[in-house]
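Shown here is one chain on its own, the form predicted alone, set out as structure tokens.
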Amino acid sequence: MDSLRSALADAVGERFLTSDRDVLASRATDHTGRYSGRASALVRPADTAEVSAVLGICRRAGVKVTVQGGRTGLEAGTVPEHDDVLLSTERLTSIGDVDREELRVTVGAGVTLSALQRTVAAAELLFGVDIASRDSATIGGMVSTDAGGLHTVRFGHMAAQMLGLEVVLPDSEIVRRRRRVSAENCGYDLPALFAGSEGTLGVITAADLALHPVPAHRVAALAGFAHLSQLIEAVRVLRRLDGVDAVEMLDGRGLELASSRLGFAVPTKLPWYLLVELAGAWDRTEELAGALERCDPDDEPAVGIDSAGRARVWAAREAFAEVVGLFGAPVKFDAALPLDTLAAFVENAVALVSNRVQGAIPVLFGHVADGNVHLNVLRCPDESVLYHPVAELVRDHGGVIASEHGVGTHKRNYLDFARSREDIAAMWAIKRAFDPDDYLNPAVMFPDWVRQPS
């Protein structure tokens, strides 16, 4: 350990290496406090060359490495299991010049989403992915988990934003892939391969990202429904509109908690609400009003046309970030289901929670245009009584157990609920081709039966 520490200190500087037990204990625990692991050191390289040096040192020493960004992931994807060296990307914070002609920018993996948003907004542009943890989530982590968010219905996940990538491979080689023209068909799409790889194939150090013009007009509306089936039929209508930018499902239980416990000015009369926003070069208010009339909601929709009005509408959605933490760390499920089975899944999942955990509160929301649903179970001290049966419900209703948060460590042994064993074995072959020693993010994604075949 002394020789390893000396080599790492030479690579990054003594100041940016620590083996303090208290620091490591905090870094080896995820932000929910539910999942903890073991680490032997924390190293914070300043640039790609230092990342390469760190990986080379650890691989030669036979030491596992877990990569950490903003540590806001929800599936224990940055929790080490093998006395790992923790490699933090927090110092990789460079932001290049915004190219307003080509609509792109190059940023370091440690740049937070909010910092990126501020930079491109100053150039009157926007980035297509937005998530609630924007102030702490880093671009490298978002690429690694192929994060989605509030505007996937229009812009897609992180993979759709990728124009290039800089990554350090497990053998410490540095690969830079930058697409300079849109008409390119020259071999494997490596950036797409790394999007969603959760740090198992290499350490992302920088990304070239696509940007978009800020739309001249936006309009948002919030409509309530007595039944989830009505809301889903409304989703089918609204997601086909030109310029649809967001379609969000909100659970009335969560809005009631936001109102009664947190003082949010949100509607509470109905069990389900749908938030929709349109954006474009011209005003789409009348178009949205006509579509909402066809959807026949059970109350008069609240509509926001100017920035203040839209903020009032979006406050209902933003409230859920605080609601889910009202009673400590919730039990979280991040799933996606076909729209035609979503209502049945929700009904069965809520019943299961009520039957299994007395006093638990299920709260649901999600980017419903894509079938995404986040089920958060509040007042549930022991997730083991729920996790397997709810995951089975997702599978049995034709859904997948990871929609936008990734697999991480938490769901690795549920991966075959969404992928066949042949599919998983093919992914494992790719992992072993890049990382035959399985030393990089070794606790993530792959189920135990892959690593320990019978």
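Remember, predicted model here, so these are calculated numbers, not experimental data. When you see a residue number, it is the position in the sequence shown, counting from 1.
One more form of this protein exists, namely the form predicted in complex with a small molecule; it is left out here, but the text below deals with it.
If you check the small molecule in the predicted complex, you find no heavy atom from any of 36, 82 and 330 within 4.5 Å. Contact between residue 70 and the small molecule in the predicted complex is found at the 4.5 Å heavy atom cutoff. The closest non-hydrogen atom of residue 224 lies beyond 4.5 Å of the small molecule in the predicted complex. Although the partner is absent here, residue 133 lies within 4.5 Å of the small molecule in the predicted complex, judged by heavy atoms. Contact annotation for residue 191: none of its heavy atoms lies within 4.5 Å of the small molecule in the predicted complex. Stretch 191-199 is the answer when you ask which of 305-313, 261-269, 99-107, 191-199 has residues with heavy atoms within 4.5 Å of the small molecule in the predicted complex. When the small molecule is considered in the predicted complex, only one residue from 377, 137, 219, 249 comes within 4.5 Å through any heavy atom, namely 137. Shown without its partner, this chain lists 253, 177, 367, 154 as candidates; in the predicted complex, only 367 has a non-hydrogen atom within 4.5 angstroms of the small molecule.
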